[in-house]
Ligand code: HEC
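Let's start with one chain on its own, the form predicted alone, as structure tokens.
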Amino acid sequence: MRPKHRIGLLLTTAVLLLGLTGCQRADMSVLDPAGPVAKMQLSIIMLSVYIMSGIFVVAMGILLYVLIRYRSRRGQNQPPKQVEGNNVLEAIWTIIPVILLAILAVPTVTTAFALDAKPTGSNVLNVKVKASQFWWQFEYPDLGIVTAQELHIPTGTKVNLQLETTDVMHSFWVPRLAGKTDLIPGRTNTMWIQADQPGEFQGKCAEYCGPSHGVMDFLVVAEDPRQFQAWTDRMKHPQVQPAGDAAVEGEKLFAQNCASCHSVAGTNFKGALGPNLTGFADRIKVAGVLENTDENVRRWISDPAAVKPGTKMPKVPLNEQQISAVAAFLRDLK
């Protein structure tokens, strides 16, 4: 390869890498932490960056000095003085990396132990997280609540998560609240998160798990304690009575076609194969990826595989009018 071609290739690679740095979604930036776990992890990231940046600057400085100081000169026929076997230099470039590693290792180890410790006390919320292709279930054992796709938590509260999978390996990841933790078949992993401020924090599966891995999304909805209490009250005493003829017809169709897989608190629908639909109308997203609108509810019911390829939810044999009726029933679940 000619020198000018090498330079062009290097410049092209540099431009592509620089462009890729802007591909991360703003609402999923680890550089904008919203809780103590993410802040501790960011501090380790930045410490590593500072150390590596310092090493790069020093190494490049020495390289430039050597290139200039010992460049070839006219009339110079002898090589410069060699320093091979210099015990002082050998000691310096052995001791310095050891010191830098120690500076990085100490806070890394202490942070790892802090994040591994299970939160205890009265101000702790326990949640069991179960992942399935391609959706998330959140169970609050102390509150008697089960929901899906949206993890509601109160701000300023440590949330202890027990992570399990019902099928293949998945990974729980909410970049602004914590780094990822894998969900491994036959094993229960734990982690904890906390949100310092109200908001909606995007979560994703961070372990390839099948054709719809890229849309296996969920939301962590952080609310102030009063709003969280109001949400728990609604989930414990949900509105399930259909309003209007279409919703009444939709309830009957739901019982015939959907109740074997889905559960709704306050009804006789106790299916456990699919997501719990209690409070469905109050959810922000449908299937974790579509805005919760009438059109998107109908779109999901009519052809789930078109939204999430490989999903286990079948295409129910209903006509457009029947699909609209089921959607009306779901939109009344508050």
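Only a predicted model underlies this, so the values are computations on that prediction, with no experimental measurement involved. The first residue of the sequence shown is number 1, and the count goes up from there.
One more form of this protein should be noted, the form predicted together with this ligand, which is absent from this view; the next part is about it.
Even though the partner isn't displayed, in the model of the complex is residue 134 close enough to this ligand, meaning a heavy atom within 4.5 Å? Residue 134 belongs to the contact set for this ligand.
In the model of the complex, does residue 299 have a heavy atom within 4.5 Å of this ligand? Residue-level check for residue 299: no, no contact with this ligand.
Going by a heavy atom distance of 4.5 Å, is residue 287 a contact of this ligand in the model of the complex? The answer is yes: residue 287 has a heavy atom within 4.5 Å of this ligand.
How about residue 273 - does it come within 4.5 Å of this ligand in the model of the complex, if we only consider non-hydrogen atoms? Taking the distances in the model of the complex, the answer for residue 273 is yes, it comes within 4.5 Å of this ligand.
Any chance all of 173, 177 and 220 sit within 4.5 Å of this ligand in the model of the complex, going by non-hydrogen atoms? So, no: the whole triplet misses this ligand.
Proximity to this ligand in the model of the complex (heavy atom, within 4.5 Å), stretch among 187-195, 121-129, 74-82, 253-261: It is the stretch 253-261.
Within 4.5 Å of this ligand in the model of the complex: residues from 299-334 (heavy atom criterion): The stretch 299-334, when checked against this ligand in the model of the complex, contributes 300, 301, 308, 311, 312, 313, 314, 316, 318, 326, 330 at the 4.5 Å heavy-atom cut-off.
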